[in-house]
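Let's start with one chain on its own, the form predicted alone, as structure tokens.
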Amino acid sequence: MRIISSVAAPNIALIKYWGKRDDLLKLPINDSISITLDEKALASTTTIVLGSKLKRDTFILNGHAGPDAHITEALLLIRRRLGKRHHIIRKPILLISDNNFPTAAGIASSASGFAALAEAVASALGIRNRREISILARLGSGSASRSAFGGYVRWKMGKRKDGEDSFAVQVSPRSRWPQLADVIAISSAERKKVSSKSGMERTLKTSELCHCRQEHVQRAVEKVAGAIRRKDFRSLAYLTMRDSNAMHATMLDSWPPIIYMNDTSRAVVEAVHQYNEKAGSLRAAYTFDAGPNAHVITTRKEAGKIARMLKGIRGVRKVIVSGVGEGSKTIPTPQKTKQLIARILHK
């Protein structure tokens, strides 16, 4: 019996993908670029047990046992990709995963969770190729492909139908630009009413603005990649806010409209613009994934001021400050997880 544990952090996309050309293989309609966050602030810790005598796959997510269709599908795809040469992964596994931040609330818990799963599976099978780990993560959640790498990361959409050219690459390591921070304003920890999967499908089918965004999003990715290499915060901030606005405009243009942002979200947008105007330059940039919680990208120097500003906004329940992280990695199995495994396997 083998027990492998791993940790991964979510990432925040600066230029986002919203729509898939293949839903099963999680193949996007455009490239995206992101910052991997620091697992000290936000993390999914995942442990897999291989070679137990369980009769079926068993999942425990955030302390709750039960079936999970998303994980079941991901394991099916991972097993199919790895094939018979890795027979141990084909037997029933025990999977235990915990997030130290709200799940399914627009803070990319699926990205960190499936990146951690891919890391654990790869470690168990001796797979060290980061591209392969990125592809394994993508089979669970598209954005998880980016969390396999640290620093600043680009997910290439690829063109092949089998997805072999759709994986993440590192644009720049954390060490080159460690000064950035993500100040997250949590206004809701509730599970969103429209899942990202359903939202993407609706937008692609019904939004005319979606196709307008596609005309320039690839250029935006190139521009942000260049801004990262130059450490040009002003350009990065401007492009990040414009793309967040554009993506949420396509959601609002969907039918029926998809509205993830709430009144607190909009108050954050106004506050960031006022902050920048008062400073006389772009010192902060808001961006929103598929949820109401705001990510404000700034520098470590400004992070404390931004955090205090966000705490003063009505509806902000909690503020989390994260630096730039190093990507998924294996870790020693936590003692409490070992105890839980023992209880499960010796029932």
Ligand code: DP6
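Residues carry their position along the shown sequence, with the first being 1. Being a predicted model, the structure only gives us computed values, none of them experimental.
The next section is about a form of this same protein that is not shown, the form predicted in complex with this ligand.
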Only one of 204 to 212, 173 to 181, 87 to 95, 191 to 199 sits within 4.5 Å of this ligand in the predicted complex by heavy atom distance, namely 191 to 199
For a quick test of understanding: in the predicted complex, does each of Trp18, Gly140 and Asp289 have a heavy atom within 4.5 Å of this ligand? yes
Taking 4.5 Å between heavy atoms as the contact cutoff, choose which of Leu239, Ala124, Leu75, Met247 touches this ligand in the predicted complex. Met247
Asn99, Ser110, Thr264, Ser254: which sits within 4.5 Å of this ligand in the predicted complex by any heavy atom? Ser110
In the predicted complex, Lys305 touching this ligand (heavy atom, 4.5 Å): no
Is His70 close enough to touch this ligand in the predicted complex, meaning at least one heavy atom pair within 4.5 Å? yes
Would Ala13 count as a contact of this ligand in the predicted complex, using a 4.5 angstroms cut-off between non-hydrogen atoms? yes
Please check if Arg283 has a heavy atom lying within 4.5 Å of any heavy atom of this ligand in the predicted complex. no
Going through 21 to 53, which residues have a heavy atom within 4.5 Å of this ligand in the predicted complex? Please give them in sequence order. Lys26
